[in-house]
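Before any questions on binding or motion, here is one chain by itself as structure tokens, the form predicted alone.
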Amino acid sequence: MREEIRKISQEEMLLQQSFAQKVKDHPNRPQTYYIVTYGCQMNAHDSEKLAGMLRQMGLTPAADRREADFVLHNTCCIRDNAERKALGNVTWLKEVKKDRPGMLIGVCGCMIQQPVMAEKLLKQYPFIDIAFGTGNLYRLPEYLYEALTQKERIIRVDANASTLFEGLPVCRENSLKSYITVMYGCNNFCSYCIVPYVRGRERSRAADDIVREAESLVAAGAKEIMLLGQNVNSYGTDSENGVSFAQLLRRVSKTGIERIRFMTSHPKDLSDALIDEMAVNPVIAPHLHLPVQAGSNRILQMMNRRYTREHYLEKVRKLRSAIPHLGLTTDLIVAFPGETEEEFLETVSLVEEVRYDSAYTFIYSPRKGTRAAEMPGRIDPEVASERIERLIAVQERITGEILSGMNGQTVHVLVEGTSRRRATQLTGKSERNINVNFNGSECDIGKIIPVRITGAGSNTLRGEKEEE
């Protein structure tokens, strides 16, 4: 049965604004906040919205969570270690709260949206004051007002996470590089992934709203925009607006923005039209994150990825034929239930064949409620650790070879600031999303400038600014 997608009405958004004003006027409201963010870029952008709402309520950011009146953990549950880390840090605040009983502790995001998690929080974490799921994010002003006036714990999780809302205030972390969420949710149901259950079904924002947001960011000084979605390649397929993701990219590129990135792309939905748009549109960065997850067809089928190794490699061939200087990155999972040594080596051989700029590698983590969690053949932890170490070694060698091969090339770097390791140098990312450190002047910060590569580290490039 298809899950209903509900667009939040203007009246509901105005109601939340009224709650925001009530919190602002409350004599005992928290004065400062601190947001701890876990997980992906979508979560990072959600935290910018949460910060925007808290600023609207009169709160200001604290330098340290131990000093904040309201600490909010925006959680991730994609892997077990992310969940354990979040709960561990929340538990750590229990001791801080003993010395500061007026402190409010909140938990939100994907972890809370999981079945039975709300009940777990009620029983095992009584010091948590506010908890809400992904579909309730826009109601933070209401929940904070309830916590202040009712003096009781606020646990709110809407079973339907498929909400779509516009108009939330946003406090952006970076004025040069900004996020725009173009769609929410996922319909793919990969057997290992909890995302469709906690983020809901796919729903696309209206193209006009996205373009207006991009125009406002350009007017505010943004140089780069990253378009976000669990599967951006599916943009528009859930609506009747007739705008594909390739067409959306073209429209956003005409706003005056200097560089566009996007993630994440599902290989099965990577269209020829998108490849063609990337090839001809100079505003779109020549970098694509294209998660493959595994190199074995049997494992891919068990993962419900709905493509084969051969199909994926054909997509790579088309991409590199159209965009020879493209930088590819990926996600890889080892030790999926039942994975044999031979199947693991198929993943290694795919990495050797594709030659990614870099890869995010993970040991399979069972998520309750997913099909893979019930599959037999769990891999011994020592075997899993040994496999991922071998895979990382292969990718690190390839990354080193790619970076060394860029010596003498000219790349274009969006200069973000001074290097953390060397204050006399500037740093930024190239069009292929590789960190570059180089000698330059502070007047270059905020610009996209040409840099000639003179050397490479393990995962960064060194260069010299080219005179224009």
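Since the model is a prediction, treat every value here as computed from it, not as a measurement. The first residue of the sequence shown is number 1, and the count goes up from there.
There is also a form predicted together with ligand 5AD; it is not shown, and the following applies to it.
K.L.:
Within 4.5 Å of ligand 5AD in the model of the complex, do we find a heavy atom from each of P291, Y364 and R367?
P.N.:
Yes.
K.L.:
Residue-level contact is defined here as any heavy atom of the residue lying within 4.5 Å of ligand 5AD in the model of the complex; does C193 satisfy this criterion?
P.N.:
The answer is yes: C193 has a heavy atom within 4.5 Å of ligand 5AD.
K.L.:
Is there any non-hydrogen atom of D158 lying within 4.5 Å of ligand 5AD in the model of the complex?
P.N.:
Judged by the heavy-atom cut-off of 4.5 Å, D158 is well away from ligand 5AD in the model of the complex.
K.L.:
Consider A82 of the chain shown here, and say whether it contacts ligand 5AD in the model of the complex, taking contact as heavy atoms within 4.5 Å.
P.N.:
A82: no, not in contact with ligand 5AD in the model of the complex.
K.L.:
Can you tell me whether E396 touches ligand 5AD? I mean in the model of the complex, with a 4.5 angstroms heavy atom cut-off.
P.N.:
Flag for E396 set to no.
K.L.:
Looking at 207-215, 331-339, 317-325, 246-254, which lies within 4.5 angstroms of ligand 5AD in the model of the complex, counting heavy atoms?
P.N.:
One stretch meets the cut-off, namely 331-339.
K.L.:
Ligand 5AD isn't shown here, but in the model of the complex which of I78, I154, V170, L104 has a heavy atom within 4.5 Å of it?
P.N.:
Here the answer is residue option I78.
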